[in-house]
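Shown next as structure tokens: one chain only, the form predicted on its own.
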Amino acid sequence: MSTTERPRILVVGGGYVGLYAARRILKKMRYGEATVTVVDPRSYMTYQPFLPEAAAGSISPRHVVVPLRRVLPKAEVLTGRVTTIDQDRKVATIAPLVGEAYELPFDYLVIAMGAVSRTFPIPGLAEQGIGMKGIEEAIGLRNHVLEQLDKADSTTDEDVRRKALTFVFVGGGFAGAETIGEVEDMARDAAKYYTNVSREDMRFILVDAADKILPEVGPKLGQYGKEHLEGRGVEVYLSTSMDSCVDGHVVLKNGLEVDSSTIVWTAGVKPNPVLSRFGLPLGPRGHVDTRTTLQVQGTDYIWAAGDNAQVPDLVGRKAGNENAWCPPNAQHALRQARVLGDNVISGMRGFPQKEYSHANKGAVAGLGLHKGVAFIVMGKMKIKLKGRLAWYMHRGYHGLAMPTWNRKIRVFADWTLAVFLKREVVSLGAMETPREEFYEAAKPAPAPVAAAKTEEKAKAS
């Protein structure tokens, strides 16, 4: 960590907003004007809309993440967590991956911590559930699903086989619908290579407490998405929830009970709970309360945006909705990050702040290879697409939205190769415990029985 007399701009979080805001600040900043410090527990940013495709093997997991130090060479990148913020002293406490925590002074602060999975105290969820917020979880889900096919193909126990081939997904928003669509696609392809497993042997279940799925694309396209998944053999249960999943025994509110080795939890997100320790004004759901300039209410040196911020939606409010807030999606996060970066520079130089305003451009969702839905807003026109054309829109939009040309090219290369080569269906389940085999080979041999008895007698005496 460098020490400098220059003002420090501390960016808490290296996700979508943190990365783009830091890039914007560095681009607009004069040489030597300030030090930009980015703090995040991971040394990379994850493009979350591509996690379902990474879980299905359509994109290499390494191409879904962007290394912060490579993209922000002029910034100071610290791998750790900000645990507390003292606003009076303008000091943040940093807990690095190893070693003692230390204090870091700052002059300007950007809160971009994003969101975490929203969970409920459901018995068994912590032990059995698989989230979909990080690339590690996407890789783990892929390996886990393919490993279940390996188990089912090899066992003679019908109960074990049935449990391995039952896949339960909780949450019907973008993350849930896209993930079950991609994983079902992958499992269908993989089943071709198994002697004793077919798609008909598998059971995919999608559960949501709401009365529809994919609410972001509207009721008609959401209904199409539901019917499409059901046409592929996915059981969709709406207006219901999961009561428990102890040891993989899933009990739903509607009375359905199944045994499953795979329970994927995508039932929404919530702001990072550590925000409550920063002394910032929070909204009713835990978001940082900001003005239209993205400045935190009551301050002139702290900004917040993205999933952890409650940002007024000026377009919605002009249309008559006084309680309109910007939804937590990549479309707003990217544009908020740019305005935030400009406003930090303006604040540092004493210039006026710019208000954030953006009209919704629609939403796109992929439901597996060549399948998708898209809702596009062009002025007063609202275009609804489904099927292959919507899938092209989904890939085109997110492919271009992927940060850096390095990653854009790699993602498009993955897609191009997939046209000519078959999908990989290799399970690398041993990645979860890579040292297990070595440990078994290298662990000390047990003491001989006679020597062990002699040692016990010596201890007793």
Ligand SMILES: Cc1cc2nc3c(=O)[nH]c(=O)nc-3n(C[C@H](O)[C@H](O)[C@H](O)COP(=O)(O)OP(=O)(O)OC[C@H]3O[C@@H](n4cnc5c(N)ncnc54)[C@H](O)[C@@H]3O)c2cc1C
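These figures come from a predicted structure and were not determined experimentally. So that there is no doubt, residue numbering starts at 1 and follows the sequence shown.
Another form exists, predicted together with this ligand; not displayed. Remarks below refer to it.
Of the residues given (242, 175, 145, 213), 175 alone sits with a heavy atom within 4.5 Å of this ligand in the predicted complex. In summary, among the residues 403, 49, 61, 67, the only one with a non-hydrogen atom within 4.5 Å of this ligand in the predicted complex is 49. In the predicted complex, this ligand sits within 4.5 Å of a heavy atom of residue 398. Mapping the unseen interface onto this chain, residue 27 falls outside it, with no heavy atom inside 4.5 Å of this ligand in the predicted complex.
Proximity of residue 272 to this ligand in the predicted complex falls within the 4.5 Å heavy atom cutoff. Not displayed here, this ligand is kept clear of residue 408 by more than 4.5 Å at the level of heavy atoms in the predicted complex.
Heavy atoms within 4.5 Å of this ligand in the predicted complex belong, among the stretches 328-336, 283-291, 254-262, 341-349, to residues of 328-336. Along 78-98, these residues reach a heavy atom to within 4.5 Å of this ligand in the predicted complex: 80, 81, 82.
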